[in-house]
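The chain below stands alone and is given in structure tokens; this is the form predicted alone.
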């Protein structure tokens, strides 16, 4: 029992000094007329990583706590926590099996990319409409259902690309129609309390879509077939396949990292869509108009941009991104009408972590959540218990973010 005692002692030490650093540092910086936007986060990480040895110089010199400062102190905190875990449980599979750790990190990055794609849709809606879409998970569910029914039920043998495009189209149309019919009254002065109205009406959409799909498709789980099989590859040669080799269902790198075909396909599609989205937002007129409306609606209207049209476009695009996330993951997981609840909750966590309205923050937040979930599930020997803990990781991240930096990693006070 000595090692677990050491581990929990280290954890309590880190928590105590992290709290002290997070509370005292902004007060010290404020007395010295310093910027305190990153002070709570930097103080908490420095306190957790080094205790008074780091906090005393931090309070004395009061350096500018940039994002790089915060990142370095966060890495130090993680390294100390990992070291304490390895000492406490040296027989844990995460300590003894380096191949498993590499696979978990890779799969965490793969899933984090997909999480980031879905969270970017939610962020896009909030940055333009200042509305949190509580039906975001249902768009995710509809995207997966559309791919399954188009490719396996209605038109068997349909190419996966066609099914994915159909899912994007239907979620785009649903989002656009819903915004035009139910959210437009918020901007015309017909609603006295628009924020409460938006919460209720998006909740209503979530319940309607979920139970409407259940009434049509039933509650039995479905799953789409793989979009394609990997070609059999062994590089650099069949006699020495140390670099890449594939089966129909898995990709193996360096004989250590294994990525399933559905997740790899989903991650590649997510990266391509992210690049297209960035090109659309920064290189096209409509993308620049969306960004202009997100920064200043009145100024954008003066230049000839119709804010109402941009509202509809943003909500439709956000719903489409959620639908696309479901469309590419239906080949990896079983699908039921309630499947969107956990991804929606995860998206809210990612958006808060990255910063409300920040598209880069949504992507980075998705990667962080993916890595934390992969580390948490991989290091717990019991798979059933590990799966049940997945929602808890998101709640821990959400709580710490709200306590240390309510604006998120890339968010700003308005």
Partner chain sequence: MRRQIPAIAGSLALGFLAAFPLVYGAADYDYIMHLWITAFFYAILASSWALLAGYAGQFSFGHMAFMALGAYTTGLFNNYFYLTSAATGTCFEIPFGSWYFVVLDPIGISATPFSCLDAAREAWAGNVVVKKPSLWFGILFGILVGGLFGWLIGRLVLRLRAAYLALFTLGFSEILRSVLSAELNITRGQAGLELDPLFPNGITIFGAVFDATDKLPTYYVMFALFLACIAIMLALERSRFGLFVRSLREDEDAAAALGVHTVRYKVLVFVVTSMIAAAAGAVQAHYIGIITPNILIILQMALVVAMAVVGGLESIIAAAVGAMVLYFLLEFLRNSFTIGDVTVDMTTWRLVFFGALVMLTLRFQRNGLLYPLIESCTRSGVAEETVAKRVAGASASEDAEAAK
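Positions refer to the first chain, counted from 1. Throughout, rigid core stands for the largest set of C-alpha atoms superposing within 1.5 Å between the two forms. Fair warning: this is a prediction, and the values are worked out from it, not measured in the lab.
The same protein has a further form, the form predicted in complex with its partner chain, not shown here; the description that follows concerns it.
A residue is said to contact a partner when one of its heavy atoms sits within 4.5 Å of a partner heavy atom; residue 229 fails this definition for its partner chain in the predicted bound form, lying far away. Contact check for residue 348: a heavy atom falls within 4.5 Å of its partner chain in the predicted bound form. Remark: residue 334 does not count among the residues lining its partner chain in the predicted bound form, judged by a heavy atom distance of 4.5 Å or less. Although the partner is absent from this view, residue 82 stays clear of its partner chain in the predicted bound form, with no non-hydrogen atom inside 4.5 angstroms. Of the candidate stretches 211-219, 147-155, 262-270, 317-325, only 211-219 has residues with heavy atoms within 4.5 Å of its partner chain in the predicted bound form. Out of the listed residues 87, 169, 181, 75, 181 is the one that sits within 4.5 Å of its partner chain in the predicted bound form by at least one heavy atom. Site annotation in the predicted bound form: the residue of 286, 282, 207, 187 reaching within 4.5 Å of its partner chain with a heavy atom is 207.
Contacts with its partner chain in the predicted bound form, taken as any heavy atom within 4.5 Å, map within 171-201 to 178, 181, 182, 185, 191, 192, 193, 195, 196, 197, 199, 200, 201.
Residue 223 is not among the residues whose C-alpha shifts by 2 Å or more between the shown form and the other one once the rigid core is aligned; its shift stays under 2 Å. Taking the rigid core as fixed, one finds a CA shift for residue 188 of 2 Å or more between the shown form and the other one.
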